[in-house]
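Structure 1 and structure 2, given next as structure tokens, are two forms of the same protein chain, each shown alone.
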Structure 1
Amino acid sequence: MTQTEQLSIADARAYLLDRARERGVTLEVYGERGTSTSVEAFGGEVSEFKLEARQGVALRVLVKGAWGHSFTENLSRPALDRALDSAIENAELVAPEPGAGLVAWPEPPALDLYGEGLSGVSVEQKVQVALDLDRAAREADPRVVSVPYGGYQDSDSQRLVGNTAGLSREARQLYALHYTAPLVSEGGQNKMKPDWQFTREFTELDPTRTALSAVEKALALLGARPAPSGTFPAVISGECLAELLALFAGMFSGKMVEEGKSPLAGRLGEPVASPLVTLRDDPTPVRGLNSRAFDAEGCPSVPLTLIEGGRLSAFMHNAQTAARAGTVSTGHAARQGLQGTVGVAPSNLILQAGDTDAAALASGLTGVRLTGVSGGHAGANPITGDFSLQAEGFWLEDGVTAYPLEVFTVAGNILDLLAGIEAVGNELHDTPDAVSAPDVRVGALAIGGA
């Protein structure tokens, strides 16, 4: 066995924990390994093809109440020793943090996110999905000018955590998805609207259905007229509401609350939304984009209700933010790759569906149907909840769609919007942001036309 031999991430974890115990060091090891495929198609040909593989470990050492971090993608024993030395040295350079500590969490739930979804699937089959998607979108309607964005992706990954307190766990998961965004044109107007499909079973992918749906959505935007300016009653699509919730998901983070960066700080137990609103974060659905059996610290994943009947009932916590807040971890420790430190993040946010069907939701309404927003990187303030965003949608007359609107601006505050919900639709809509929401009706929405 040579010094330069690359260990598996499981063997690297075992080696590091043994070395840490020999040295009397408190250590957490987080590891990732994965392979992925990405295929893009344009004009009937493959425009990009990528096969990627990655693995590595991140170390977190606790020295006198201070965290020291390091990571390595070189899993040889000398490299692992250097990473451990580096983490210890880094811990000695920083100040202690209240609430720092490691926990040997109980066992996580049994959650099969792997199955046989990609078993026996060839590269040629994956490429064909991207080509079929591109072809179906181009041939769906003469008004389709091109399909500038479209392709297939999959991932097969393993994630593990271990610490010197005795915790040891690992999990595997896979997924496949495809996406398309056809460009349509008529009468000098160009419109584009994406659609996608996510699954853990390759055979469930239906590129023709996804392509036709995207084309239909894009065509519906043609013939747009200028939007009026003012405040109007509105129906907000589930996809659009999910986009807004994704922009402001950080306000439910215990870390953001303690840093004074959430508009919900100090409001636990208070009404913060309409009584019709129940919002939860659920890491356990098998078809959830961000589902997981345990978080980045190994804490078991369980559903967490954030808003119940309009009342703020919980914040998301990792072990350290929970300790400082005098509570327990909710299983929301998160890492942004191996190089990041441990933060707090949601898994799958779900605004609970109501009992109002689509027709009743818009019944008698003259105003706006909001179907999408963009520009959140500049137009959304997560500290105050305020937003001013580019938007798309339709004008409704007495509950019936009259015509699409040219791009307009929508402005408001996310908490005011949630408080103003008057009815909640009975069907959930999923989004690539791992947020699901139903259509809702609000009494007043401020928009500005061009």
Structure 2
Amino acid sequence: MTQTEQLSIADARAYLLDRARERGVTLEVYGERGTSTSVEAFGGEVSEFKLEARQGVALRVLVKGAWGHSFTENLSRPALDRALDSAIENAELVAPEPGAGLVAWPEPPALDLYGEGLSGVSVEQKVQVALDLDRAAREADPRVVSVPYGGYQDSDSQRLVGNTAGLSREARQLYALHYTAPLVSEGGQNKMKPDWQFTREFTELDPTRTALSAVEKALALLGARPAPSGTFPAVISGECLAELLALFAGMFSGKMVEEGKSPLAGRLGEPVASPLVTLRDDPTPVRGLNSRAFDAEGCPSVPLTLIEGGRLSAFMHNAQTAARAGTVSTGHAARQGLQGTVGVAPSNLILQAGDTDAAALASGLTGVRLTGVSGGHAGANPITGDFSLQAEGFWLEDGVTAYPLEVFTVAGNILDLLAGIEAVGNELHDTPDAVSAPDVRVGALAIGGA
């Protein structure tokens, strides 16, 4: 471990671009720096207090038409030199790609994701949010036996991109959020349900409301009875539909399409969902969890409609997947932290609200109200669209909630599900996956229970 001077990410970028120009290498530098505070509370006390400061740079070089990647969190000059050498060495192993190149993109949109900042907010205030949340959840109802998970978190981060084609971009953003997951118990049944709030303005945080909402959702699950097995009509909550869409967002990736891993490949312009379905990706809402002015290559961010009135209208692309598909980047170059390579990913996915109100959606329906799924990292297959997942929900009798259901399963194919949507609710629900969706009604959903 070398204990030499560490550069800032901006200085590291300048240093690397200079070295690359000296060596005649085409280079892109992507840098991230973030500081954050998180406070976990348990049983009326702060159980963990964490201060984070993390920075690093990811490098991408183009040698004879082939990309090589590397990254380093050690920002000493020798470590930066080693990272550049390593990226060049990697490029020499990789197959060349037609159309590979770096672009000095035009200016991105002006987007204030920083708000008022956190400079006037004391550590005590942050701690208070976590404690208030914990107390409000514990005191909300005698059936709350514990609040195992809950706390406050904020982040102040900077992101930059630069390349030897002359691009130089920087952006800052900030958020504060809190979350709680109360555990409730009655008659030998334990249920837990989380809730959360995300904001760019600290003063908007409302721990009491979040705590009461989480407790209410957890209590609603008590008294669960076994679910039947079979195929039933269903109302799928916006939160649950958003969870499903998050699992299958890769279907819209130009990279997955070109590698034969998307069931939507070759279907541009075709109907792939009910005519009631319009799906957009929008990187620009100020309150969006994944909002940004430019993507991981520095390409300006603009909204993109993926499904319009049920027809597949676009795939998401970065500059390289676009070049190979004979189109232009949609601004969806993405990095998962510094460690990965440049891929394709959505920002904020939004399934557009419709015009059916909540009561009309369930009207007359005897079947299931599906409110959550889990296990998606293994039980959902984005290559086929099939899913088979742990589910949570309620039994509906003639449109009225009869009782919650014990743990059961839900299985199907996401494209069949989107095609089977019969009505779309008029209210959007935001989720921590950065996907928003309304409640929808479908004619048939396979569930497995007792």
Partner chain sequence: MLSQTLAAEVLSLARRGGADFAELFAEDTLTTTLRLHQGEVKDAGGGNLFGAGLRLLYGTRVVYAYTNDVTPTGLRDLADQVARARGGAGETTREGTGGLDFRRVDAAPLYVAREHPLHAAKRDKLALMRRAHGAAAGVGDVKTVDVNYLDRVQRVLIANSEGVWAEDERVWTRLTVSAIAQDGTLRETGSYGPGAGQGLEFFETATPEQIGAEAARIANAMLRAGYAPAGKLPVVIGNEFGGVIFHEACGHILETTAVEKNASVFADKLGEKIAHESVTAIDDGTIPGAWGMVTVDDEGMPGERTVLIEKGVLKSFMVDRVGSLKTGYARTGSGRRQNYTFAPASRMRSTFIDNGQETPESLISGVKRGIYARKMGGGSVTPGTGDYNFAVQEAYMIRDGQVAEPLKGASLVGNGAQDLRNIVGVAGDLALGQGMCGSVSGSLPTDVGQPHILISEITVGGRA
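For clarity, every value in this text was computed on a predicted model and none was experimentally measured. Heads up, when I say rigid core I mean the largest set of C-alphas that superpose within 1.5 Å between the two forms. Residue 1 is the first residue of structure 1, and the numbers go on in sequence order from there.
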Assignment: the form predicted in complex with its partner chain: 2
After a core superposition, would you say Asn74 shifts its C-alpha by at least 2 Å between the two structures? yes
Indicate whether Ala83 shows a C-alpha shift of 2 Å or more between the two structures, with the rigid core used for the fit. yes
